[in-house]
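Take a look at this one chain, the form predicted on its own, written out in structure tokens.
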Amino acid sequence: MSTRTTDLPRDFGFGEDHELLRDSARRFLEERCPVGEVRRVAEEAGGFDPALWKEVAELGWTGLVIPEVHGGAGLGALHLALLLEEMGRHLVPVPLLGATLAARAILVAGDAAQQARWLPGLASGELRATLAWLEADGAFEPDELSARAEPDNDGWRLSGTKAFVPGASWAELVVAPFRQADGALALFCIDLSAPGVNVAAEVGVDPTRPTGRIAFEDARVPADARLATSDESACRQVLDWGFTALAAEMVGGAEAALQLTAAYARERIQFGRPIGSFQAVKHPLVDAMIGVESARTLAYAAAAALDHAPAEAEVPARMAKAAAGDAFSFVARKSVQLHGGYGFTWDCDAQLYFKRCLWLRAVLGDAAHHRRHLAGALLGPGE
């Protein structure tokens, strides 16, 4: 794990195009995805709105980081972080995160033919894909993965289970890591209709982010399902993008929950005064604001590292995931608490952010997990 980030620009590389993307995304989502619509999709449509997905694709978000030659916008990780921050703010019920990471895996590890085969459909949103990384026991670090890929005549035979897969029930294609007979990791791009691939919906904590479990029971896939240049290094690159993307989404969700709670504190009257005037309320809100801003800076730094110094991105990406998880967790807990008894009810929007926080914080490692890795990288192995 490299600890250098000397190639990062001081301003993280912000330009007018970044501001334009953020502002246009915010305007669209404020109009198209208010909290009432999020609730409707979660309660009536199983957490996925095909019409909203089509609109997102038409805006070019599904192809944001896919090169122009394959029909995408060819933008970078910082653009993606800004977009996911806005989507986290609005709890947008579309599985763009999994689809984007799947596309990134194909870019990192696929050859020219594989990229030409899958990326145009992903860029247009017509081909629905997701990333299946976590295993049933929660393992996701490259040295922990145990799902197997064995040579089988002219193809491969896959076995193992991937859990907590976002959008598994609607996806047509999945990218997942498997360990080969020689112990090396490889990424596979798999048609979910292949024999031996079974998808089951999970009962998750967040109704706006449905997940599924994919069991590979001696699943037969063709030889070119294995992404041609995939190895452990490629897997780690995909993880760095995942850590950063999750951090950016958590920053947006945390800031929205903070604004929701601050507005309530200004309106709720107790003892003849707004509760926001009491130190027991306003001090935690200030602490939450500081945490969110710190996490945002780390998320942007990680995205800038992916754009300008990708070989050095793991440390800032893990730092961002840890800080954003802590910040969102603190805000979500305080939001429920400061709403009083109302905060524990279904009618209070604070519970939506609390549940999204639980999902995002746990996926691809919580803060304690990443700090253990950072300690080893920055301080050396312990006794």
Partner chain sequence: MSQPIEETEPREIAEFRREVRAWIEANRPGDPGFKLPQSFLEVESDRQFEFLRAWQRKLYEAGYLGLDWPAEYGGHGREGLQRIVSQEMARARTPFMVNTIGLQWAGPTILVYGSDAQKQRMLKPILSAEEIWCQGFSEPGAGSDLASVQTRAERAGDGWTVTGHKVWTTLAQHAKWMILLARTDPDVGKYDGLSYFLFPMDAAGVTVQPLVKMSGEGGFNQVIFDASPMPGDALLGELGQGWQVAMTTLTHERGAADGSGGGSLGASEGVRQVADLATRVRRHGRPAAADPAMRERLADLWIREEALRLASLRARVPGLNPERPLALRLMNKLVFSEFAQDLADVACELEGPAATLWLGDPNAPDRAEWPRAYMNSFGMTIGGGTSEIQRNILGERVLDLPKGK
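Treat the numbers as computed from the prediction; the structure is a model and nothing was measured. Residue numbers count along the first chain shown, from 1.
One more form of this protein should be noted, the form predicted in complex with its partner chain, which is absent from this view; the next part is about it.
- Message: For a quick test of understanding: in the predicted bound form, does each of 213, 270 and 342 have a heavy atom within 4.5 Å of its partner chain?
- Response: The answer is yes: all three residues contact the partner (heavy atom, 4.5 Å cut-off).
- Item | Options 250-258, 138-146, 105-113, 297-305; stretch whose heavy atom lies within 4.5 Å of its partner chain in the predicted bound form | In short, 138-146.
- Message: Against its partner chain in the predicted bound form, would residue 368 count as a contact residue? Criterion: heavy atoms within 4.5 Å.
- Response: Residue 368: yes, in contact with its partner chain in the predicted bound form.
- Query: Is residue 54 close to its partner chain in the predicted bound form, meaning a heavy atom pair under 4.5 Å apart or at it?
  - Reply: Output for residue 54 is no: heavy atoms all beyond 4.5 Å of its partner chain.
- Message: With a cut-off of 4.5 Å between heavy atoms, is residue 363 one of the residues that contacts its partner chain in the predicted bound form?
- Response: Answer yes; at least one heavy atom of residue 363 falls within 4.5 Å of its partner chain in the predicted bound form.
- Item | Close approach of residue 155 to its partner chain in the predicted bound form, 4.5 Å, heavy atom | Residue 155: no, not in contact with its partner chain in the predicted bound form.
- Candidate from 228, 309, 262, 205 lying within 4.5 Å of its partner chain in the predicted bound form - any heavy atom: Of 228, 309, 262, 205, the residue with a heavy atom within 4.5 Å of its partner chain in the predicted bound form is 205.
- Message: Within 4.5 Å, heavy atoms only, which of 188, 118, 170, 164 is in contact with its partner chain in the predicted bound form?
- Response: Exactly one listed residue reaches within 4.5 Å, namely 164.
- Sequence-ordered residues of 323-338 touching its partner chain in the predicted bound form, heavy atom within 4.5 Å: 333, 336, 337, 338 sit within 4.5 Å of the partner.
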